[in-house]
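Laid out below as structure tokens are two forms of one and the same protein chain, each shown alone and named structure 1 and structure 2.
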Structure 1
Amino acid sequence: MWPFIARSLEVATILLIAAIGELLNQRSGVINVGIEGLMLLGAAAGFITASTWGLIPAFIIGMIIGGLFGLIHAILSTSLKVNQVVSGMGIWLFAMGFVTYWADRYSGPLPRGVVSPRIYELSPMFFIALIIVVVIWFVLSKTHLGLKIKSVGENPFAAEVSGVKVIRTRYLCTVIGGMLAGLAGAFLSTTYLGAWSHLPTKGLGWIAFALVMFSLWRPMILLGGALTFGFIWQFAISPETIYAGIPAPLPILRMLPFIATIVVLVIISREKFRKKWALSKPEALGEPYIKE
């Protein structure tokens, strides 16, 4: 039973790192639907790096690649005022094509000498992910920087009048969000899978994106959501570790995380729910800032 729990927590780690980066993006008013693409790029860069130089350089390179494409998204959506959804979708489509061309030639497991350390079968990255969530929560809730980030996401015009550098703040959050998505992808390919296969994220980025809305843009609720979806994802992959007699075929079970995501999105999209929790959503989310 513990191996199943450990694997579930590692899936939760992937979701948590990627989603907390997207939450930071959105708190500053920038939406990045290209999170799946950022994870793909980080996964490819991390896997190729790990094959030669080991895990720590792989995580660093994954973060750098994710941060670079986060910067590209910031330039397009913040400076050039490109529609944020279009910019994010462009990054996602580019990542799918480029990674297929670039990384699929490396298909297979990592070299034998590249092994992730374990603490009772659990990667230490899980604890690092918890620290990241606590840090983001603390910054957003308890610091002057967090107040600036939230003000930029709520009303960038008022924030600018108050002396907040809106463009700079959005750049900062978008790049950090990209770095975290890249780190999540590198962890996926090098530690959770330990191998490369075609487009290994399999929709995890989209689930991470949905978790931000599910969490009502609150880091601690996001933590609970990531743990829940980590369990659902791992159960869909290996249900026999819980109960060997489950009658549903494996392809149906593998739809469970996405069915759960759809159900959550339908619930939070209802008018009654939106009226009750409307203040949770950053008011300027997705809106370009055009300085008057």
Structure 2
Amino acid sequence: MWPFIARSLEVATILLIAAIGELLNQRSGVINVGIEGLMLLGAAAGFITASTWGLIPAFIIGMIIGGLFGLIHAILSTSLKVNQVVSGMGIWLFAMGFVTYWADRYSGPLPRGVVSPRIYELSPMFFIALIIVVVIWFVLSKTHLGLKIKSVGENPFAAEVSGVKVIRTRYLCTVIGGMLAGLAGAFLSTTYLGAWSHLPTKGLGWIAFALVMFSLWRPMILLGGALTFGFIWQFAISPETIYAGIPAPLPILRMLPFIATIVVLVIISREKFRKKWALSKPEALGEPYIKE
């Protein structure tokens, strides 16, 4: 039982790190639908680095690559005012091609000796993820910087008038969001999977993206969502540890996380929640800031 829980906490870690980054950049008004692509890039960079230099450099390189493509998204969507969905999709399509070219030749498990440390079978990265969430929650809700970030996401024009640098804030949040997505990817390939196979994220990035939407942009709700979906995802992969002889075939189980996402989206879109949702949604989300 415990190994199963440890594994699902690791999936929750991946979701949490990626989603908290996305939450941060959405709070500043930038949607990044390329999060799956950023995770792929981070995963490939991390995996290749880990094979030669070990885990810590892998995480750092994963973050750098993620941040770099976060920066590209920031340049496209903030400075060049390209539609954020188009820019994110472009980055995702690029990532699928680039990662196939770059990392598929290293397909297979990590070399012996590159083993991630585990405390009672759980990677310490879980606790780092919790710390990241608390830090981002603290910054967003308790600090002056957080107020600035939220004001840029709500009403960039008012924010600019009151002296907040809109463009700079959005760059900052998008790059940090990209770094966290890259880190999540590196953790996925080096620790959770410990091996490279063709395009390993398998939709996790999209789940993380959806988690942000139904967290009402609040880090603590996001934490609950990530834990729940980590469990569902891991259950779909190894159900027999919980329920021996489960009658459902594998493909049906693998659909579960995606079906669950739609169900949650439908529930929170109901009239009762919709008002609350509309209130907590960053007002300028997805809108480029165009100074006239």
Partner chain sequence: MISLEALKLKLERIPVVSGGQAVRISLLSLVFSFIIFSIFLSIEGANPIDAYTNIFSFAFDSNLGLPTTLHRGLFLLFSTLAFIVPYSARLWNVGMEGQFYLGTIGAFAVAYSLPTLHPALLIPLMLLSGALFGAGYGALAGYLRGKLNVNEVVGCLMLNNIAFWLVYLLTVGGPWAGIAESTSRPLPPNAHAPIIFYTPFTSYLAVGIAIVLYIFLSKSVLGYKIRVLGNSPMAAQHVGINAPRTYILVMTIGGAIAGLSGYHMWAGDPAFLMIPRPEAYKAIGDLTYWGLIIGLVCLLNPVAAIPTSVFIGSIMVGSTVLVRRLRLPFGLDVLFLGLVSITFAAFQFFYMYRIRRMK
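In this text, all values refer to a predicted model and were calculated from it rather than measured experimentally. Numbers follow structure 1, counted from its first residue as 1. In this text, the rigid core denotes the largest set of C-alpha atoms whose superposition between the two forms falls within 1.5 Å.
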Of the two forms I pasted, which one is the form predicted together with its partner chain: 1 or 2? 2
By the 2 angstroms cut-off, has the C-alpha of residue 56 moved between structures 1 and 2 once the rigid core is superposed? no
With both forms fitted on the core, check whether the Cα of residue 268 differs by 2 Å or more between structures 1 and 2. yes
